[in-house]
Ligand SMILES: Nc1ccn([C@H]2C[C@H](O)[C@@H](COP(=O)(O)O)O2)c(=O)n1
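One chain is shown next in structure tokens, namely the form predicted on its own.
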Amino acid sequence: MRAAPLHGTLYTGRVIVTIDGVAASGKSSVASGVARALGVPYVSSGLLYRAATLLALEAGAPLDDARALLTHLRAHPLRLEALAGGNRLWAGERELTDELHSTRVDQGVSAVAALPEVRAWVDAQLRALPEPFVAEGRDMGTNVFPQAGAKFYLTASPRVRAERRAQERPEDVPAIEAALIERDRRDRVQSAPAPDARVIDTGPLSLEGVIGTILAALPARSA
């Protein structure tokens, strides 16, 4: 992954900005917007967990068996293409990106992400990426990049998140809301803000408003 040229004077050099938050809080869209404004790539950790879940489902592998999952991942290496405008995920020559946000992956990804061995595998992939970048996920600021100089955590009520997701999928808002509440329960251990993260309620804000709030909070850095 090669960083694009920086725009403006906010950031230069080795910089990591982390954007964590609950499911469907807008992390990917916000991270992409912030990355484009800074002229750096953004990294979606969730796509790696989703890709591992998809491959396991296709192979009929149990989602709670870390050894079987890692064996399958080593046999089918994943490649994350981190770009400011959007991440793409590949398994060999096959692009998985468009298949990673299905309901069946939604339902299984928490179980996969809860496995310490799989989390360690994902963390290793992320830490190998060259800086600078914007990293989004569940525990970027707490576990993966605790040294990051700028940390943010996005949240919103389950109803607001369900209404937003319903605009992307042909599903019933109450059903999505119930699924998100259950997802929040399962993700509680992994999805907690870092003590030094700024928490942003995205409910009353537009996408541009959230991005602007983050950009305004970033400390200026010199080369």
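Treat the numbers as computed from the prediction; the structure is a model and nothing was measured. Numbers follow the displayed sequence, beginning with 1.
This protein has a second form, the form predicted together with the ligand, left out of what is shown; the following refers to that one.
Exercise for the section: Would you mind fitting the ligand into the shown chain by superposing the local C-alphas on its pose in the predicted bound form and telling me if the pocket reads open or blocked at 2.4 Å from backbone or C-beta atoms, 3 atoms or more being blocked? Expected result: Site status: open.
Exercise for the section: Look up in the predicted bound form whether residue 150 has a non-hydrogen atom within 4.5 angstroms of the ligand, and give yes or no. Expected result: Heavy-atom contact with the ligand at 4.5 Å: absent for residue 150.
Problem - Contact of residue 65 with the ligand in the predicted bound form (heavy atom, 4.5 Å) - result: Outside the cut-off, so no.
Problem - Interface membership of residue 87, the ligand in the predicted bound form, 4.5 Å heavy atom rule - result: Close contact is absent here: in the predicted bound form, residue 87 is far from the ligand, nothing within 4.5 Å, heavy atoms only.
Practice task
Tell me, yes or no, whether residue 82 is in contact with the ligand in the predicted bound form, where a contact means a heavy atom of each within 4.5 Å.
Solution key: No, no contact at 4.5 Å.
Problem - Candidate stretches 33-41, 65-73, 49-57, 170-178 - the one whose heavy atoms come within 4.5 Å of the ligand in the predicted bound form - result: Only one stretch passes the 4.5 Å heavy-atom test: 49-57.
Problem - Sequence-ordered list of residues in 134-163 near the ligand in the predicted bound form, where near means a heavy atom within 4.5 Å - result: Heavy-atom contacts within 4.5 Å come from 136, 137, 138, 139, 140.
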